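Before any questions on how it binds or moves, here is one chain, the form predicted alone, in structure tokens.
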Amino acid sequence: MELWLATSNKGKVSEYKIGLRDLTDLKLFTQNDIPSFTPRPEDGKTFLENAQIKARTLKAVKPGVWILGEDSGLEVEGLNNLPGIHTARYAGPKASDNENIAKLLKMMTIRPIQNRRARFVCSTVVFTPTGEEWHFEGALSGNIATKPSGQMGFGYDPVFVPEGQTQTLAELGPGYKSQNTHRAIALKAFLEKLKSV
């Protein structure tokens, strides 16, 4: 099975490698394996629309193979579900993870927000080699910590404490994430559907 990931995010690629490790005949590639590939701007209004943009752009270059595109982000209740679809560029178009986290924590202290509930959401779009379009969703609820903690992970992992846990995702690490995150849940749904093909 030849599967192409419509992402250049190293953290995501690493998670997908773990999540797909049981597919013994898998040949995994990313858009970085195409020298002249140019991603389209993610200008959708929803996570699903952005996932479709990513997957369709890669499919146009690599027809006839499995394509997986996903868009995911953080929704904080006390910030009216921001950063939402702007999660990766919350502090600016080229913002680092640390800059995005700093802005998030600052926004939560400008007018002290008591409600720190949040959730990670993921929309995944898969194109089959015959061109069918499959959709999968995943979510992980939790709370935003008052300060970053942990070294394992990327994005907002150092400030996200999953429901029922006392540590951040960046402390819990890959073993926990590969079973429980928004991305893992959507990926498991894809793998389940794959069994019926």
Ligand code: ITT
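The first residue of the shown sequence is 1; numbering continues from there. Just so it is clear, the model here is predicted, and its values are computed rather than measured.
The discussion below concerns the form predicted in complex with the ligand, not included here.
S.K.: Which of these stretches, 124-132, 22-30, 55-63, 153-161, has heavy atoms within 4.5 Å of the ligand in the predicted complex?
M.R.: Within 4.5 Å of the partner lies stretch 153-161.
S.K.: Closest heavy atom of S14 to the ligand in the predicted complex, within 4.5 Å or not?
M.R.: No.
S.K.: Answer yes if any heavy atom of N9 is within 4.5 Å of a heavy atom of the ligand in the predicted complex; otherwise answer no.
M.R.: Output for N9 is yes: heavy atoms within 4.5 Å of the ligand.
S.K.: Is the gap between A88 and the ligand in the predicted complex 4.5 Å or less for some heavy atom pair?
M.R.: Yes, A88 lies within 4.5 Å of the ligand in the predicted complex.
S.K.: Is E137 close to the ligand in the predicted complex, meaning a heavy atom pair under 4.5 Å apart or at it?
M.R.: Result no; E137 lies far from the ligand in the predicted complex.
S.K.: Under the 4.5 Å heavy atom criterion, name the residues of 58-76 that approach the ligand in the predicted complex, in sequence order.
M.R.: Contacts from 58-76: E70, D71, S72, G73.
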